[in-house]
Ligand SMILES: Cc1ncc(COP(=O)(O)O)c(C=O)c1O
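The chain below stands alone and is given as structure tokens, in the form predicted on its own.
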Amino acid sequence: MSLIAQDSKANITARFARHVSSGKVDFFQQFGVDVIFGKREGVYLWDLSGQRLIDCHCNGGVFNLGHRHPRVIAALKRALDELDIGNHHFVSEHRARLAERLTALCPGDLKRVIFGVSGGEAIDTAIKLARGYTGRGKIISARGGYHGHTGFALATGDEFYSQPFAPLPSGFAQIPFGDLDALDAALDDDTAAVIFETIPATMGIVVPPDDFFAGVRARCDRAGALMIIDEVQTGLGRCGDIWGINTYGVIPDILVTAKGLAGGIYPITATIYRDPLDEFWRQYPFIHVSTFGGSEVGCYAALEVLNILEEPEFLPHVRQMAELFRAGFARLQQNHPLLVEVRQRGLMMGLKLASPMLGPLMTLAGLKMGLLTIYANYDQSVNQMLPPLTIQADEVAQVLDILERMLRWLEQTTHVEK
């Protein structure tokens, strides 16, 4: 029996509203969104009604390898024949193997790993390490950034998500992203760490100046503060290199990876840090635990994700597809005045429209025309475009064709002339 469409859409929605989230159901019904995902494969999702969508949201990079990648599924099935989640208190063969492979992909002396199950947990771990190692309390982040919904991670993000849960943990300060003068003013003797997303997605796929992260690195070094880079969405090939920060030629003290590491199949995240910082955990080896973090079956599946990522043709393919999108976006921008800016680094892409009201309309148009793309929450004029890294040239052409129709519909709906 299929696990999909065991009930009608109406009954599924009612059950979800009754037992999971009435607020989400209310929101989607208000805007006429009636989508429940059923079958999924490669770059495609199917609604229970049978409509096919090309997934250019990918849940923020969870589906970097597309949906249900057969090699990752096969790896998890093999792991389930012998393994379970393991016991986080003890030495683990499979955590050790994954950590060795993961750090081999990192620059400099980023050679240590702590595993978790969510991006927020991995950010919390990074902040705990920064405070524990430095003995300082202040954490500087970007205004409008997003690092997760958990405790310390929540305090680093925008108040849209954090304010309802005040009072928040103390010691957090925010500055405009990309502003080195503001960073100079915020850094002081109590600063434990500076944390930024390489390219803040929820802010609207904001690509920083090329010299920004080099400037952050230099200032952190002078202040004795740690540099934390959030690669939850930009990591594991999304920007055309293993890590987005590699494209800026900078090595952080702590790097956080999450969504893509799971291969869309089994949740696993990692906080990767420089060798000298291990001095703190060596003193307190049991002070931080994660019962399900780095589950052994998940480690085995994640190893297959890295196997795919390390194939010689993988990253060149990402860069080739990025160039196809770049050329296509240029044509769209030339023909459609509503598209005022293209933001792109590899396949981390954002389309900025002429008005904040157009972002949600663009998302609705995509759902009607066969493309899943979500507007950025802090800048609703921007639609995020994060297709699977495995997307092929013919599928890029399909995406660009649908975007053409979406923009034409927006122009007709909002009465904007070419």
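Small disclaimer: the values here were computed from a predicted structure and weren't measured. Sequential numbering from 1, following the sequence displayed.
Only in words, not in the display: the form predicted in complex with the ligand, which the text now covers.
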Proximity to the ligand in the predicted bound form (heavy atom, within 4.5 Å), stretch among 174-182, 118-126, 72-80, 211-219: 118-126
Only one of V232, C239, I228, L261 gets a heavy atom within 4.5 Å of the ligand in the predicted bound form. Which one? V232
Let me know the one among G148, G346, G204, G294 whose heavy atoms come within 4.5 Å of the ligand in the predicted bound form, would you? G148
Please run the contact check for E197 against the ligand in the predicted bound form: heavy atoms, 4.5 angstroms, yes or no? yes
